[in-house]
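So this first bit is one chain, no partners, the form predicted alone, shown in structure tokens.
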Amino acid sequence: MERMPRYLMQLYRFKTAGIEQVSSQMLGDSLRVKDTQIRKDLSYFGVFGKARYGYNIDFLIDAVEKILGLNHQYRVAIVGFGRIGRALAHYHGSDCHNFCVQLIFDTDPAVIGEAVGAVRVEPMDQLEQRLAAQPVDIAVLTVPEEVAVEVADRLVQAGVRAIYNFTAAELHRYRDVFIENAQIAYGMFKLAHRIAGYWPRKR
């Protein structure tokens, strides 16, 4: 399942380039994944191509979107309207196809009332009230680390069952809540470790 989003993004690129038919070999070469692995992944979900012809790209995109649950629309709340929250709000605000931003919260009076499309930034002290009136499927957490756990507690108590965590806080104490971490520092640490293992540092 973890490879499916990579497959889908590459299929989108192929479609944009005007490609109508794609083979597992072609997809594998573009992602450095063995074609046998791609066929295995797809066949696990009942998606089969034709020998010598591969897959019609529209059919394959539709199939992978359904596997990932992207044939539904998801309601999103962004909690924290700093640089990251603002960028995400404007990104998703321009396309409501799968992930539709419906609520934005912040504590800064300078940004409360600011609009992103039809959505206005609301004060944090109204979070529970607004989520009760307008439930969401996913909350995007972009608040300072020192308040992240407190805010996550409030979101979970308000009924949110999926949190995309852009903070460095560890959010692992919730049962039946899906947490996805997007911690930039962790990725940088991994890259540093790999570089240090291959190339001696020049002084």
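Residue indices: 1-based, along the sequence shown. Everything numeric here is computed off the predicted structure, so don't read it as measured data.
Heads up, the form predicted in complex with a further copy of the same chain isn't pictured, but that's what we're talking about next.
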The single option of 150, 58, 35, 170 touching a further copy of the same chain in the predicted complex, heavy atom within 4.5 Å: 170
Heavy atom of residue 44 within 4.5 Å of a further copy of the same chain in the predicted complex: yes
4.5 Å heavy atom contact, residue 18 and a further copy of the same chain in the predicted complex: no
Partner contact for residue 119 in the predicted complex: a further copy of the same chain, 4.5 angstroms, heavy atom: no
Contact test in the predicted complex: residue 130 vs a further copy of the same chain, heavy atoms, 4.5 Å: no
Contacts with a further copy of the same chain in the predicted complex - residues in 75 to 90 whose heavy atoms fall within 4.5 Å: 76, 83, 84, 86, 87, 88, 90
